[in-house]
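The chain below stands alone and is given in structure tokens; this is the form predicted alone.
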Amino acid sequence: MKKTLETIIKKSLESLGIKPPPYIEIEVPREESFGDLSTPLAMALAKQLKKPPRTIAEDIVKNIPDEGIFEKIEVAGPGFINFKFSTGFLYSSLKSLLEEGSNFLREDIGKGRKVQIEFVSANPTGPLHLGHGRGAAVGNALANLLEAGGYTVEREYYINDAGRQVKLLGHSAFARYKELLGVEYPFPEEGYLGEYVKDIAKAAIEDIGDKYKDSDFSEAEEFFINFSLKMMLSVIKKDLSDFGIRFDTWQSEQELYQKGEVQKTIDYLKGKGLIYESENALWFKATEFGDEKDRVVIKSDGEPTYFASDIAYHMKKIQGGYDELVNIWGADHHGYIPRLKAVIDALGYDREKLKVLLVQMVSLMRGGKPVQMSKRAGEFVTLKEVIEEVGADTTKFIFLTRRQDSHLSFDIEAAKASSAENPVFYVQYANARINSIFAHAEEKGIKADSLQEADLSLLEAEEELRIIKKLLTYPMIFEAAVLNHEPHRITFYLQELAGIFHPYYNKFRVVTEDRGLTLARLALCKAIRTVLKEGLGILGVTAPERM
């Protein structure tokens, strides 16, 4: 509907001698009585044309030919133009949806442009928690969304396998190793206390026995850091796989040092006069690129900061030739964005091509009561535990029911409910119900290929027309979700579609004694199922045949 309306409005403007703007805002009105689609274009053109918005709107409307596309066009308020489509246009568009499927629902927005999405990238110092899981769901859905929108997408996980935290994990595992072998050994300050550290120590004993029983950590450091890292990465990869999340590349921070990438990048910035020495440390001139202060790259003791490897990592990204970079981070990294944008600028890349999406943490509830989480104390609830209790589909869908930078409460009991209060059940059940309708039709001798005969004009009920209009707005929702990098828009849409399908199912029989009406309603159900599967697929959620 939107593309048709855009074309018509542009032709009207051209006939008035007005150059159409590159973007015409079109929206679904808040009130159904206002029409099917609306545009505030006349108000946007008022300053340029030096005319009252209502006058411009009336001129646009007068120049739209009567081709049977609209039942009604009216100018409202200060200059909105409201459009109500004719039933003939709705039936014709529904037929196109049925014939073209995904090709009707998607638009090639990316034109093959390359995008890299880096997401999750959790420190490999413990199992994934719900915050990581939400980032995984957002990153996966965004990658699916952009791929469907015509982009070439690479999914990357950045492994923070260098620095103090990784050493602390190895030291914590070494302390537990000593403890299991009956040797008294002080646990490191701020060490990792979770049960998973004992699991690493037990696995180390199985691997090397008591080899380091009488050793200091300095002698066993390399083994325990590498062994702990390998084991935790294996756990993380397994959890992500069970969650239905895949990555194309895994970039190691250690590798950036081993291959000299960090030093090369620092030398490159030195060559541009953007690194200077002060107080025995090396600093990056971040203030020259809008940051509030310059940033330390190499500390006075000669140790690099995390920022040093981040600079090298983003240099490598830029050299990958991507048209756009997307980093999905936890909300606590908000303050890190300006310095990274400064680096992107300094490296000669358009800072606007880097998009950082911040993901808020998740409050875990059980029956409305908070479940306490504390990673450092080892009392947190892992993503794996939640998936095992409520399932990957439900977990992903709930993570995507809010915009990623909004706080999310996840109630385990509500997530397990087989009712409308469980949003994913409500949507998946719509698909399962439609499958049961088709199974029933098959029993009555009505074959799926008979739908080609369907007379869609028999779909006259108000509820049927409302569903058709909802289906035809999916391409609008899809386009906005792609352009804004917001997969949660698809989630909202699917909940709304299920919300009008279920009452329709309860009120009307699809398979009736009237063959013509049956075929028309089956065609409508097929279109609903097509859109449900398309949207769920983008979210990374299955569309079960039965429930």
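Everything numeric in this text was worked out from a predicted model, so none of it was measured. The term rigid core refers to the most C-alpha atoms you can superpose between the two forms while keeping them within 1.5 Å. Note that residue numbering follows the sequence shown and begins at 1.
Heads up, the form predicted together with the RNA isn't pictured, but that's what we're talking about next.
Using a 4.5 Å cut-off to the RNA in the model of the complex, each of A76, H333 and Y336 places a heavy atom inside that distance. Looking at E292, you'd find a heavy atom of it within 4.5 angstroms of the RNA in the model of the complex. Contact annotation: E279 falls within 4.5 Å of the RNA in the model of the complex, judged by heavy atom distances. In the model of the complex, no heavy atom of G110 sits within 4.5 Å of the RNA. In the model of the complex, none of the heavy atoms of D59 sits within 4.5 Å of a heavy atom of the RNA. Of the stretches 454-462, 162-170, 349-357, 317-325, only 162-170 has residues with a heavy atom within 4.5 Å of the RNA in the model of the complex.
Of the residues given (S436, T152, S450, S92), S436 alone sits with a heavy atom within 4.5 Å of the RNA in the model of the complex. Between the options A203, L181, V296, V371, the residue in contact with the RNA in the model of the complex by a heavy atom within 4.5 angstroms is V296. Residues H502, P503, Y505, N506, F508, R509, V510, V511 are the members of 501-524 with a non-hydrogen atom no more than 4.5 angstroms from the RNA in the model of the complex. Core-superposed comparison between the shown form and the other one: the Cα of I337 travels less than 2 Å. In the core-superposed comparison between the shown form and the other one, the C-alpha atom of M365 has shifted by at least 2 angstroms. Comparing the forms between the shown form and the other one, the C-alpha position of D411 differs by 2 angstroms or more, with the core used for superposition.
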